[in-house]
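As structure tokens, one chain now follows by itself in the form predicted on its own.
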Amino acid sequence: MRTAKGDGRIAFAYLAPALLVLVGLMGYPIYQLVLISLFDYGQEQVSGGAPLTFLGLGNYTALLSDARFWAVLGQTVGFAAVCVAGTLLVGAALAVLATRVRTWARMTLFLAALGAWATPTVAGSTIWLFLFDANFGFVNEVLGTTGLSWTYDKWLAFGLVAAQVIWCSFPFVMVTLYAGIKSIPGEVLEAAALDGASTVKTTTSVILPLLRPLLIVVTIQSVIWDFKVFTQIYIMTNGGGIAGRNLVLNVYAYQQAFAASEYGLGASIGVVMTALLLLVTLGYLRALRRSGEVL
């Protein structure tokens, strides 16, 4: 009989090629990012006009003592939370809807969703700006609010960008959960229907608990994607909004590294972001293991 230890070795052997590729594609860039964050690395050092100065944790000390960094971190966490919640809600609702409609309606829904998913981020962000343009935008024409600038106010701008992020992210959740729903035995859903459960009750009490492993995957993926949003914020708020009111960590790191030529400080922001995402993911998985979930 094959032992669990032997099964683990076989599984590792199958995963080894993919792990080697990941180490090559991600390990070395992360190593360089950490290395740069330990030095005073600016434009003079890049051009060879000044020697590298080892700072150790100096960049991290300066970063963590900067009130601007904590304000941007708070905005990033709040923005990502709204995007993740919205993406999961819209994706899950449409996945359930797709199982309840006729074939032609389901195909139309999937084609529309996949169109949003396949749209390049730059193109999608630009289209949304046109739709919400203050003077010529279709949305303002429909609402009768011509002249309203959706990107001037801080919270309106965050809301607009969050809506665009949800629009281009929900198809992944919808397709994944739809596949999971279709894999649920029909007898289970029939039993719920015979017991008189409504659509909402069946979804919350039967479907979602059975889809919990998939929900873990899409939640973690959404957290990673939405926490490191860059393109939508940069394009739709013109680099972070007026006086940087709409900055998130990725845009803040870009400004520090390339606009201010503080590459060491920008790299330290990237390291902090990576560490935070790893901690959130590992903490979430650990909590699920403690609750008895099979991952």
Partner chain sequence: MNRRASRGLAEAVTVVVAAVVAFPLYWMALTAVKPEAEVISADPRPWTLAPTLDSFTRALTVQNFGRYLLNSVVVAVAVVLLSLLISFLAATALTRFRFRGRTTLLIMLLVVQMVPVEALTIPLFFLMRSVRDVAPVFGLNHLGSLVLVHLAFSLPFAIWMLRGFVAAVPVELEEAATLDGASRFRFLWQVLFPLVAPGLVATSVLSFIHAWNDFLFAKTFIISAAENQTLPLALQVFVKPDQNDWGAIMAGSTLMTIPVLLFFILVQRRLVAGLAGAVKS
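Between two forms, the rigid core is defined as the largest C-alpha subset superposing within 1.5 Å. Positions refer to the first chain, counted from 1. This one's a predicted model, so the numbers in the text were calculated from it and none came from an experiment.
Below, we refer to the form predicted in complex with its partner chain, which is not included among the displayed structures.
Colleague: Can you check 76-84, 154-162, 186-194, 129-137 and let me know which stretch has heavy atoms within 4.5 Å of its partner chain in the predicted complex?
Modeller: That would be 129-137.
Colleague: Between the options L38, L247, I235, L63, which residue brings a heavy atom to within 4.5 Å of its partner chain in the predicted complex?
Modeller: So the residue touching its partner chain in the predicted complex, by this definition, is I235.
Colleague: Looking at I216, L89, L208, V101, which is the one with a non-hydrogen atom within 4.5 Å of its partner chain in the predicted complex?
Modeller: So the residue touching its partner chain in the predicted complex, by this definition, is V101.
Colleague: Can you tell me whether T145 touches its partner chain? I mean in the predicted complex, with a 4.5 angstroms heavy atom cut-off.
Modeller: No, T145 stays farther than 4.5 Å from its partner chain in the predicted complex.
Colleague: Does at least one non-hydrogen atom of T202 fall within 4.5 angstroms of its partner chain in the predicted complex?
Modeller: No, T202 is distant from the partner.
Colleague: Would you please decide whether A71 lies within 4.5 angstroms of its partner chain in the predicted complex, comparing each non-hydrogen atom pair?
Modeller: Flag for A71 set to no.
Colleague: Does L55 make contact with its partner chain in the predicted complex, using a 4.5 Å heavy atom cut-off?
Modeller: L55: no, not in contact with its partner chain in the predicted complex.
Colleague: What residues, if any, in 112-138 have a non-hydrogen atom within 4.5 angstroms of its partner chain in the predicted complex?
Modeller: Stretch hits, in order: A112, A113, L114, G115, A116, W117, A118, T119, P120, T121, V122, A123, T126, I127, W128, L129, F130, L131, D133, N135, F136, G137, F138.
Colleague: Has the Cα of A67 moved 2 Å or more between the shown form and the other one, judged after a core fit?
Modeller: A67: C-alpha displaced by less than 2 Å between the shown form and the other one.
Colleague: When you overlay the rigid core, is the Cα of A275 off by 2 Å or more between the shown form and the other one?
Modeller: No, the C-alpha position differs by under 2 Å between the shown form and the other one.
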